[in-house]
Every structure is written in C-alpha cells, then in structure tokens.
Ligand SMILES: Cc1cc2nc3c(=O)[nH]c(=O)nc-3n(C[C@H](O)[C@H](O)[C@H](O)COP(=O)(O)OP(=O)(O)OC[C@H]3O[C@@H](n4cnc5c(N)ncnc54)[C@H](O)[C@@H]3O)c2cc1C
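Presented as structure tokens, the chain that follows is alone, the form predicted on its own.
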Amino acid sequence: MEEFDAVVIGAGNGGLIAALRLAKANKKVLLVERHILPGGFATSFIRGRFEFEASLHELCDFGHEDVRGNLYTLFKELDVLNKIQFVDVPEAFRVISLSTGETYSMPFGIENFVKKMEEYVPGSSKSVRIFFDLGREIQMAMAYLNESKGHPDSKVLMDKYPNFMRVAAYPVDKVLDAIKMPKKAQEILDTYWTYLGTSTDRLGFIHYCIMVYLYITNKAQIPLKRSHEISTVLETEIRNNGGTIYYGEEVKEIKVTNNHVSGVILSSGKEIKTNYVISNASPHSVFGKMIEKKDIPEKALKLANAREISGRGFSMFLGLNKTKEELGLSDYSYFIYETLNSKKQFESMKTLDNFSQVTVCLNNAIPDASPKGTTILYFTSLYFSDCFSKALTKENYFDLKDRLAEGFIDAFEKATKIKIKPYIEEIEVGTPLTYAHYTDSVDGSIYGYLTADLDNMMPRLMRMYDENYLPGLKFCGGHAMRSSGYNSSYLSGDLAAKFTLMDMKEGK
C-alpha cells in the first residue's frame, strides 16, 4: 500500500493548483486523473489544420506587472508566471440583441467605459461611476477578508468598508436600481451575467461587481498557446516539485475511518493510504459514487441535494477558410442574446429553441491562431434545464446536434450581418452529453452549482470554514466555494490546499 500526505482527485484547473501548492510545501501529493491529459475544460484539440481552444474566453483577474490581479499574484507565487505567454484581449465586449437589433461595443478602462456608456445612455455616467467606486471598495474589503483568514473584525468592516456591508446581501438588480442607473445602462452593464450563469435578479451584487470591476480595470488576457499551455506548465511544475500524477486512473472509493478520511481505492484496485483528499470532482460525484452511505455526513448530503445545477454547456467550433478581414469579423467577443433583459433571457435558455450565445473570434487576439488565410470561431451557450437530455434519443443525437449547430450559425449571421456558413472547413459540436462524458459533470453542467440567492459566492465564502463536514475532505473547482470559471477554479484550488496544509499542521 502506497502512502501520500494528500490525494487530489481530478487534474482540472482547481486540482492542478491544489496539487502544485501542496507539492511546493514539500508534501507528498498524488494527483489522480481519469483521462490521459491534464486540464479538464482547460485544454485544446485539433481538427484538420485547426487547433481549437476548448473553453477559455478570457482571464479577467490576471492583469499585468503594474496592475496585478489575484491570478497574476498566484501564478507568480507558484513560479509559473514566466513559463506562460499571455496576450491581451483587445476590447471588453460587443453585445447584440436578436429581437431589437440594437448593438453596443464597450472598451476597457473605467474612464473609457463611462464615456462610451454616456454616449449610448445619456445621463448614465454618474451611476456607472458609483458602480466602479463600489467595485474598488469591494476589492479592498475582499482583500481584508482574505487577510483575516475567516475572522474579520466587524468594526473594521463597518468603519472602512461601509458600502461593502450595505450591498453584501443584495442581488445586482436591487443595487443598480438603488444607485439610480438607467435601465438601458443596466442591460448593457449586465452583459457579462452569462459568465456567472445566474440572472441579475438572483446574482449577488458583490460577485458580479468585483468581476466586472477587475475585468474593466485589469483588462483581460489569454495564453498564447491556448488554455492547455497553462495546464501543461502546471503539470510539469507538480512533477518538478516531487508530485506524482496517475493518468487513466479513477478514484473509485474514498475510505473513511472514525469519521476521517483514511485513504482511497483506485479503479485499478490499488489502495492509497492518506488522511487528506482534495476533490476537483463535484460533491454529487463524491457523495454519490465514492463514499459509503453510512460515512456521508447528513449535513453535507443535504447541502449537495439542495443546490441547483447551473448551466449545461453547448459549444461549437468552426474553422473558416477566409480571414477575419475578408469575413468582416472585427470583434473578439460577441454576446448575442434574444433580449438584453437577463431574467427573460435566463428563462428562455431553458429551451432548445433559444440560440443566444457568446462567440469568440480568436484571431482578433492572436492573429496567427489559425493557418494563413483562415479564422477560428467558437460558440458557447447554456441550457438552464435538462431540455437537451429530454429531447435526446439514441437515434436522433447527430440530427439534433446538426439542427442546433445550424440554429446557432443562423443566429450569429442574423445578429452580425456576416456570412460564415459558406466558408466552414471544419466544425465540431460539444453538447451537455459531451461534457458529462468528458468531465463527469452533473447533466453536462459547465458552471457547477447555481450561484443564486443564499448560495451566492459571499454566503459560500462565509460558510467555507463551517462546511468541513467530513474531516480530511475538501472541494475545489467549479463546484466549490468560489463558483465556476477559470479564475475562481484556480483560486479555489489554492484555498483548498492552504486549508489542507492548516489541517495537517493542526493534526485535524
């Protein structure tokens, strides 16, 4: 029987960071990944002469040497920053309404953003400035909460960050109404809601505000060689720091002795002795497949069952045999919605008849991302119900994919007035079934649990010290306390590793 200080389940973003942080602390760590490559969603694949980015649109909390984001600081601490080449995304976003045809393009930089919003919505500048002022205060308050390690002084919060306390319990819409932001400005500002997967009437203001604030102030970056570049660098560093990685292996069982993790059993039958497990797999997978029912804490099971599953993923990848200039693709990211009202849009995305999407032209950030004379486009959409599986039969899977692919292409052409269908050289489609198979995510959800109401990011962060229901077990990744997304997954992996190191030190 082998023995490790800790076992990390899954080499997704959170698992890779967790394993590296433990290895950097001179712990004997084992990372177990059921596939043959690291990264999970953070990977790329090749079709014909095109290499497609599987999922990353941009990193919004990275920044630069002069304006460092949390991810920049984390990568520098772990000594991987200079091993990855990053490039800037050229503009913030362009949003288009299919129902009205209205379109808005927004730049980076607070002053630029405020000025452009005022052009679109006269009289909006005061409220938009208030929004970014709140973002700055929230950033400072969150930094203080991190420094306090779960034991903040309420007097400090009230004295130094009073507005943080005022808005902490409210959703986005309530706060934007309170600061008297015009409705049209709210709709434009709310464009990014799909990246958190919750409509703004239920999404916590702090979560959304800090994301938009960091995105507009720090700009956004992507790795030059796709997200797989990050994954392979992290994997190499884990090995260089003494970590062990098993590919093509799966944790079939987490052993529990006297209400504490005591080991894992792998699909090969190999038994590993350890007192600490960090899971990048979801609580649904862990409690549903890996732990005997008698050993699952009742509170942990109730919490997992009470949570809503967030957006199920649909993706499409196109290799076009024309340049972006020939096609007229001048923007990096296109947010195409049926309506700019996030609540109505959220409801409409519970059906297969909705073709709203976030579509990226990678060549507008990396000109040579595809062979000379070609362009890469990739589409992402979400279903906020299991409508795909309800419509699916063994016989109609490929026909259903074809119908949906054509619908998304038609919607893009209608919104942008750009013809792309005649120039498709390669096409690949990923459905919720694809994601469920590849990542073992529940129903093909790419966003983990819905961050809404009492399960928003702030309540999760406030509870994270009290959710240690099974000693020795921690979660990271999209289903963990920081919710989904690249930044959140990386940071949650680091947090889970630090908590585990604290437990090791204290003998918990």
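It should be emphasised that the depicted structure is a prediction, and the values quoted were computed from it without experimental measurement. Counting begins at 1, following the sequence as shown.
Only in words, not in the display: the form predicted in complex with the ligand, which the text now covers.
At a distance threshold of 4.5 angstroms between non-hydrogen atoms, residue 28 is out of contact with the ligand in the model of the complex. Using a 4.5 angstroms threshold between heavy atoms, residue 57 counts as touching the ligand in the model of the complex. Although the partner is absent here, residue 50 lies well away from the ligand in the model of the complex, with no heavy atom inside 4.5 Å. Within this chain, residue 453 is remote from the site of the ligand in the model of the complex, having no heavy atom within 4.5 Å.
Partner contacts here mean any heavy atom within 4.5 Å of the ligand in the model of the complex, and among 293 to 301, 273 to 281, 127 to 135, 346 to 354 they occur only in 273 to 281. Although the ligand is not shown here, in the model of the complex the stretch 434 to 457 places heavy atoms of 435, 438, 439, 440, 446, 447 within 4.5 Å of it, in sequence order.
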